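Before any questions on binding or motion, here is one chain by itself as structure tokens, the form predicted alone.
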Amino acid sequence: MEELDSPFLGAQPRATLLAAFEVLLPDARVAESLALEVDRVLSGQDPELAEQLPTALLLLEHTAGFVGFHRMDIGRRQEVLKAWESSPLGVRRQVFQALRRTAVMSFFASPESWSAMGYDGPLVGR
């Protein structure tokens, strides 16, 4: 991942977001650009609302083991997220759902992922 200054998240939370997106997205090749786009969008949001994602990412990063979530291999990250999806702890399920929704909404909104779905883009503007 490029070491760019993040508009909102900062390098560490963005690395965790990217690591989650690589697991959650149907096309992991677009994970980095979508993580950057989510970060850019967050910088223009209501600060109270925008602070919730970094908090969730911090929780994921530091409760996923001593290694840190973003440093795990992809197979281990898949196991962690699968466990969080059905965790008895409500906060873990909420973090999983928030990350999955963010990943899916970002993916479907991104023009660079449209070809992977066989979508030619909106008719308006062609």
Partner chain sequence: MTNLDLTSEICVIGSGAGGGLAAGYLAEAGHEVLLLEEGVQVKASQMTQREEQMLPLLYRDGGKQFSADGGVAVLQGRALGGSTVVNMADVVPVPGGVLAHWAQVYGVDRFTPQQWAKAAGIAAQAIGANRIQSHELNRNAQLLLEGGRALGIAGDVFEHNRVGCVGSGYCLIGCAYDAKKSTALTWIPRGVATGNLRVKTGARVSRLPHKNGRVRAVEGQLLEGHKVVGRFRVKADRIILAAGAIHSPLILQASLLGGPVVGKNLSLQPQAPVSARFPETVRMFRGIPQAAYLHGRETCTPEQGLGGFRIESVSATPGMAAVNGVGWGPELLEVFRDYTHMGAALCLVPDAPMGQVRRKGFRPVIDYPFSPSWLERLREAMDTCARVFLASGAEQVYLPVVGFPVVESTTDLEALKNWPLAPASLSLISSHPQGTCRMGVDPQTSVVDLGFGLHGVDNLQILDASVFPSTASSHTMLPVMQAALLGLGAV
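Numbering follows the first chain given and starts at 1. Everything numeric in this text was worked out from a predicted model, so none of it was measured. The term rigid core refers to the most C-alpha atoms you can superpose between the two forms while keeping them within 1.5 Å.
Below: the form predicted in complex with the partner chain, not depicted.
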(message) How about residue 96 - does it come within 4.5 Å of the partner chain in the predicted bound form, if we only consider non-hydrogen atoms?
(response) yes
Residue 70: touches the partner chain in the predicted bound form, heavy atom cutoff 4.5 angstroms: no
Can you tell me if residue 62 lies within 4.5 angstroms of the partner chain in the predicted bound form, counting non-hydrogen atoms only? no
I'd like to know whether residue 11 contacts the partner chain in the predicted bound form, with contact meaning heavy atoms within 4.5 angstroms. no
Applying a 4.5 angstroms cut-off on non-hydrogen atoms, the residues of 11-36 near the partner chain in the predicted bound form are 23, 24, 25, 26
Q) So with the core overlaid, does the Cα of residue 105 end up 2 Å or more away between the shown form and the other one? A) no
